[in-house]
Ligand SMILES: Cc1cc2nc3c(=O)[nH]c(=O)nc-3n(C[C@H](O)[C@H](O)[C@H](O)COP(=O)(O)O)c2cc1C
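For reference, the chain that follows is the form predicted alone, supplied as structure tokens.
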């Protein structure tokens, strides 16, 4: 699969098989992702792989926090509040779209709750990356640099026949990440990335929201 094919094929995967991505494949993937550009070659990213018993323990704590309705304390705001009107319309469309795709009605509160809870179960993934940076040295441009690495990881996984789903949702409990990932006291966590082999025949994995036509966001200036 070439780079353009990977860009077209990438989608958010929310159901995985039990297959683990081999350690040598992960090493090759992370090495390649680290080739991402950064301002003045600062390479401000920090990447943590959590798997096995460590991921099981983290998942358990996340689900307990979600079930207890623990207040969210993200390290940074993800979106403006309120969203610009056009953005809010697209966000509403995708929310309605995935519920319809999964057959969840407006009044199916239990199913809606279960849908939200999947975020904190990390969609059942057996391996997960957490991307962060040095909190005490954070600036907005740092997110640009770290985003290059995140995109490399997602496209690399797609090209290798795996899948992933970038998550801000799990950033709402950064204290749990610091509890389970040693040496992260000064880490600003940016995103989670559950990954693995997409489950064949999965209904939720077939969901793909519509993309804007090029003339809505692309302009050529000659």
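Just so it is clear, the model here is predicted, and its values are computed rather than measured. Residue numbers count along the first chain shown, from 1.
One more form of this protein should be noted, the form predicted in complex with the named molecule, which is absent from this view; the next part is about it.
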Is residue 202 close enough to touch the named molecule in the model of the complex, meaning at least one heavy atom pair within 4.5 Å? no
Considering only heavy atoms, tell me if residue 12 and the named molecule come within 4.5 Å of each other in the model of the complex. yes
Residue 130: touches the named molecule in the model of the complex, heavy atom cutoff 4.5 angstroms: no
Answer for residue 176 alone: is it within 4.5 Å of the named molecule in the model of the complex, judged on heavy atom distances? no
Only one of these stretches, 59-67, 31-39, 44-52, 165-173, has heavy atoms within 4.5 Å of the named molecule in the model of the complex; which one is it? 165-173
In the model of the complex, does every one of 78, 123 and 209 come within 4.5 Å of the named molecule, counting any heavy atom? yes
Scan 94, 114, 135, 144 and let me know which has any heavy atom within 4.5 Å of the named molecule in the model of the complex. 94
